[in-house]
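One chain comes next, on its own, written as structure tokens: the form predicted on its own.
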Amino acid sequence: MKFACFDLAHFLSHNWQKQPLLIRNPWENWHNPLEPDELAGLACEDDVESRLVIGDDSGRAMESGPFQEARFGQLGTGPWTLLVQAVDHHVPDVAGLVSPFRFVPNWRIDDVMVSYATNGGGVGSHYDNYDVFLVQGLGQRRWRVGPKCDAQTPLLPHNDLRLIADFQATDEWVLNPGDILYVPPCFAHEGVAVGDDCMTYSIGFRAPSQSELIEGWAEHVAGQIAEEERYTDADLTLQAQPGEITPVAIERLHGLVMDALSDQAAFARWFGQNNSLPKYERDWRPDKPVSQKALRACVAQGSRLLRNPASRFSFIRLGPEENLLFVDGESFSCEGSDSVLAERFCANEIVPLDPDADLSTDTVALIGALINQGSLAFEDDD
């Protein structure tokens, strides 16, 4: 799927992380990529994160999956909502929804959550700390958007849901299939199904918090430092008050910390690897590692490489013909034609290879490593 009409440059300058925006069906040919029964089936699987929110503003209860199939027949006629995370990892057509939104860098993309709701169903008024595009897939949903919130915004007492206590809407729309609502971080919003068979695709974006970055980077750096690297004061002199921590000591202590954390190149490598870690633990590796001979044979037959929708691909450019490729927590140094290939992997879900190309040993090793860790597969490989 792709957009027929959507001014990306105007959106980025006027709305991205600034103001909500309603986008009326911008698709060339919208079709709902997933049936409700298929979504319910995913919610029954052990390795899929799912939730049920039952009720409305008069009271809501939440249950966590996986669910038994019979559970959906017990829900009755009242309002309820099923939410399933990372559906794009399991359904290729849902993964295809992400492509039009790749004007946002790969490393910022999180996953596609899909919700199904009966009439009046919704999770209540809330806010998220990240950007989200809410694509109406089936049926109708009424969205109300309010002002920006923060940690001081009063919330209702609830064990499982972070619901805004006094939600005051500033805009309201009913979305039809193909319509999109963009909500920037921290803006209050509430969606309620209008009629049954309401499906919404939430394309969310990652936004690492300052505390997460500090904690992760500091922990990584600390794990690399030898025990012998310590505070020293070989020039110590007598001081009038032994209880004082002197300015000189503070400067040295602070420098000891900041010097270790200030290596930007090392931070870039750590961030690339850490940010590309899979969101969910699942072994996507093939039953048998691919051999160089088998790999070359597949290329010669014209087989295309497919990127695993659950994998995260990104790179850092080191030079005109050199980059660091990050895939699922691993890093690969790529030079020359391999750096070009790495960028193609990051930019495309399907990568054709020239069947007549004489692939170098390094190129075969790179492709083989990505296949054997489950990040790539040949198109005709089960």
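Model, not experiment: these values are computed from the prediction. Note that residue numbering begins at 1 and tracks the sequence as displayed.
Below: the form predicted in complex with ligand SIN, not depicted.
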Discussion item. Is it the case that Leu134, even though its partner is missing from this view, gets within 4.5 Å of ligand SIN in the predicted complex, heavy atoms only?
Written reply: yes
Worksheet item: Can you check whether His89 is within 4.5 Å of ligand SIN in the predicted complex, heavy atom basis?
Response: no
Worksheet item: Closest heavy atom of Leu83 to ligand SIN in the predicted complex, within 4.5 Å or not?
Response: yes
Discussion item. If we define contact as a non-hydrogen atom of the residue within 4.5 angstroms of the partner, is Arg307 a contact of ligand SIN in the predicted complex?
Written reply: no
Discussion item. Under a 4.5 angstroms heavy atom criterion, identify the one residue in Cys298, Leu155, Met113, Ile109 near ligand SIN in the predicted complex.
Written reply: Met113
Discussion item. Between Arg269, His126, His220, Arg144, only one gets a heavy atom within 4.5 angstroms of ligand SIN in the predicted complex; which residue is that?
Written reply: His126
Practice prompt. Counting only non-hydrogen atoms, choose the one of 276-284, 253-261, 199-207, 165-173 that falls within 4.5 Å of ligand SIN in the predicted complex.
Written response: 199-207
